[in-house]
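Below you'll find only one chain, the form predicted on its own, shown as structure tokens.
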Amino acid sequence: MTAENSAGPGGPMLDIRGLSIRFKTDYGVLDVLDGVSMRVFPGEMTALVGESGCGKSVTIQSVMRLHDEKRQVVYDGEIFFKGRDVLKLTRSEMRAIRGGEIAMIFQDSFSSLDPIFRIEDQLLECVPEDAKRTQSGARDYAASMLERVGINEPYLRLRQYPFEMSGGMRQRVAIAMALSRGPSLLLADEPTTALDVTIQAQVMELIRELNRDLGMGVILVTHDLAVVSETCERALVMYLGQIVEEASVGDMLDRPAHPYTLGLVRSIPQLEGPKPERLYAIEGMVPLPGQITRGCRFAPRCRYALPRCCEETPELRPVQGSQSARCWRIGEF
């Protein structure tokens, strides 16, 4: 399929093909991503799940080319957005896309906002040019964005500083800033980190409502499969820089095809039925990029590993329907 065709009616708005990323460090060149491919369609919420250190944030940051391209990062592969490979765009062309057509919500709402400026000053920087013709028009637009994300008394909130708001309120402001120019793709990098459970649910419901109402494509980066089950249609599971499983959320939760996915699903606390004596946990920790071994990257932590798994690297293979997994023992566990 050509890039032009993939961006046409019914095609994906984002099409990542074989993306590999290497970081230049003081300790040498580290392979961070290895052949990552994924698609996001208009109006679809796609989850990117996995433990910390698996490459989820690196993947979505590469879509906006937020890495230090002069000194740190080397890209291989293609990232087509609406038929254009963003890795081949100039800096000025990327500036037109960032914040306009593609927007991002970061993990920490407090660090996303400047503590010494009022909310009004920061939100006005994101207001479209046609709304800036008058100062009152720009302010009214900023207030309307706060209302859209469920903030009461928006004109009062515009005069406040970030430290005068709760964590949930600051995250809503960050979402308002991300949506202010009507993006068609929203990248949400663990947007409920450090929020209490009630506020988490409110923020996720807000993102879901905006996804439905505005028809945005959304990539939700998270390690919380309970959130994924309530909000997303498709999920991609990442482990140590590779996609190890891709499936609809229902298939992933009901019939996980990769041992790592199975471990993530089993680690979800069960509120109904008999309670296990001990909550399931995947043994070990995600290794650093410089500690990658031969064969399957999950093999050192996998209870189903065979000798072959430690020698040969499996490819992503079809399982059934749209589900695929990177494992030598698909259907055996």
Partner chain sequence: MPETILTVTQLKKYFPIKSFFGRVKNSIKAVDGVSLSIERGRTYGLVGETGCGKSTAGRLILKLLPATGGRIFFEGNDITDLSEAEMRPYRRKMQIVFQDPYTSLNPCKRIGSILQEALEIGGVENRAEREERAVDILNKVGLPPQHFYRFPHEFSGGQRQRIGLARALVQNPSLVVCDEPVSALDVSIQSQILNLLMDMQREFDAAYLFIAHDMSVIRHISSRVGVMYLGVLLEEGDTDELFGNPAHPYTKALLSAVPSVKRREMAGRAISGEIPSPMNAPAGCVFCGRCPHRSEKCEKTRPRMRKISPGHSAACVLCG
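Residue numbers count along the first chain shown, from 1. Just so it is clear, the structure is predicted and the values come from calculations on it, not from any experiment.
Omitted from view is the form predicted in complex with the partner chain, to which the following refers.
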| Hey, in the model of the complex, does L253 get a heavy atom within 4.5 angstroms of the partner chain? | yes
| So in the model of the complex, does any heavy atom of S166 sit within 4.5 Å of the partner chain? | yes
| said: Residue-level contact is defined here as any heavy atom of the residue lying within 4.5 Å of the partner chain in the model of the complex; does D114 satisfy this criterion? | reply: no
| field | 4.5 Å heavy atom contact, M204 and the partner chain in the model of the complex | value | yes
| field | Interface residue in the model of the complex among V227, V74, L214, V127, criterion: non-hydrogen atom within 4.5 angstroms of the partner chain | value | V227
| Which of Q160, T231, S184, Q122 has a heavy atom within 4.5 Å of the partner chain in the model of the complex? | T231
| request: Sort through 59 to 67, 33 to 41, 304 to 312, 261 to 269 and report the only stretch with a non-hydrogen atom within 4.5 Å of the partner chain in the model of the complex. | output: 261 to 269
| Are there residues in 36 to 64 with a heavy atom within 4.5 Å of the partner chain in the model of the complex, and which are they, in order? | E51, S52
